[in-house]
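Here you get one chain, nothing else, as structure tokens; it is the form predicted on its own.
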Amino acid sequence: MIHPSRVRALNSRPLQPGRYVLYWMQASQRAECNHALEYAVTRADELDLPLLVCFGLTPDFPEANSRHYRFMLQGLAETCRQLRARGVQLVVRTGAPDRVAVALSSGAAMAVVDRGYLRLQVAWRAAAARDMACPLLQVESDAVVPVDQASTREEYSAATFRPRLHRQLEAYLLPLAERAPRRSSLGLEVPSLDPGDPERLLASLGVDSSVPPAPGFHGGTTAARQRLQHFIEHHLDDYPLARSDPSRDRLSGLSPYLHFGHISPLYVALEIAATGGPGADAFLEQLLVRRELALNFVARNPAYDAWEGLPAWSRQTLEEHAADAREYLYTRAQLERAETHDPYWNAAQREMVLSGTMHGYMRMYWGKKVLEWSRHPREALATALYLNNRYQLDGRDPNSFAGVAWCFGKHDRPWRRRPVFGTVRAMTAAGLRRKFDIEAYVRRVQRLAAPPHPH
């Protein structure tokens, strides 16, 4: 059963005499453990209609490049195959996603869409709801506890959010039943691009190709599930002590798959919780509390990617120290090329550029140093967001926006006053050397850039 709080009507249109029920798949790009998909299957069966799924492929998503599109399209190809196995056609068309959905809604009795949290995703859904003649219902599929149920306000920190979330987990941390719709849509013959050849489809989009592929990642639900299983078998027990150590690389690597909706956070949470191992609680803190706190931030703060979205106390203290002397100053171009005096920061930047990801602890250090080495904290925030969103596979994600904002004081508290930072928490290279074998991390990143060893 899908909890009623996951479902929200985006308009008040009456049912139409359509040929199918339409599921506009946009954020939850998967055929497994997808509340919006299963809700659409149920409604299609109730109306004795086939289910048609559509995806709007926009070639100009802000700050996205071929690295992101390739990963996404790899997942979309697998989703298409999995839907066909259930008797469901996936229609992929280029264009603004809301326009693609509105065009296909002309033949629909009703439409269903998953929920997105970024302002562009919200705007797409609002525009589609306005222009569709049929009902449009939104079903939240990428949060374990729906954002509006978890909290009705922007939370100050994990400490205030955690008890609110935990009080509701029992009602939502439940498996999702799945079934094929009674009527197949494979015979509808609705024109579509072929999502089965990601490279050909990518070439047709003409997107920015200046960022190379992320070699360690392949998009899709199967790859996500394999990565999760490997993490459970080999790293979960070590996770509580090793997750912060960049030299040991004990993280799950699931964030790109969660970002593109290739795997459900509910599925991940249930698999982790079922282990009962020592690492489960520590991992669930990150997956549930920290990730869904980020969803709260983006959903409740209209300026989540701007200076004005930071807490008043951190903006004030950073402005007070904006004129402080900096020992080092670097341009955005120097930072992008990892041309600083700091080998640890350079390694973190190179890891992101080369692999499409960065160890979570190093991402915190990386962001703090961008703040320290920029001429003004406003400039630093813009630079950190630019670099993160350009190179990280999970860039432009609520988790990324919250993570960068954390480096500037979001979801944190005032600390001892220091030059440049004021009372915003600082991080130092000496701290890295004291806590970790940070030179081992540098060597690991150097191996990413090394040419393959000949056989």
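Don't overthink the numbering: it's just position in the shown sequence, from 1. Since we're looking at a predicted model, the values are computed, not measured.
Here the subject shifts to the form predicted in complex with a small molecule, a form of this protein not shown in this document.
Stretch 402 to 410 is the contacting one of 62 to 70, 35 to 43, 402 to 410, 22 to 30, since its residues have non-hydrogen atoms within 4.5 Å of the small molecule in the predicted bound form. In the predicted bound form, every residue of the candidate spot (239, 363 and 388) has a heavy atom lying within 4.5 Å of the small molecule. Interface residue among 287, 147, 214, 118, judged by heavy atoms within 4.5 Å of the small molecule in the predicted bound form: 287. A heavy atom within 4.5 Å of the small molecule in the predicted bound form is found for one listed residue only; from 310, 251, 109, 207, this is 251.
For the chain shown alone, residue 235 is not a contact residue for the small molecule in the predicted bound form, no non-hydrogen atom being within 4.5 angstroms. Residue 77 falls outside the set of residues with a heavy atom inside 4.5 Å of the small molecule in the predicted bound form. For the chain shown alone, residue 105 is not a contact residue for the small molecule in the predicted bound form, no non-hydrogen atom being within 4.5 angstroms. Mapping the unseen interface onto this chain, residue 125 falls outside it, with no heavy atom inside 4.5 Å of the small molecule in the predicted bound form.
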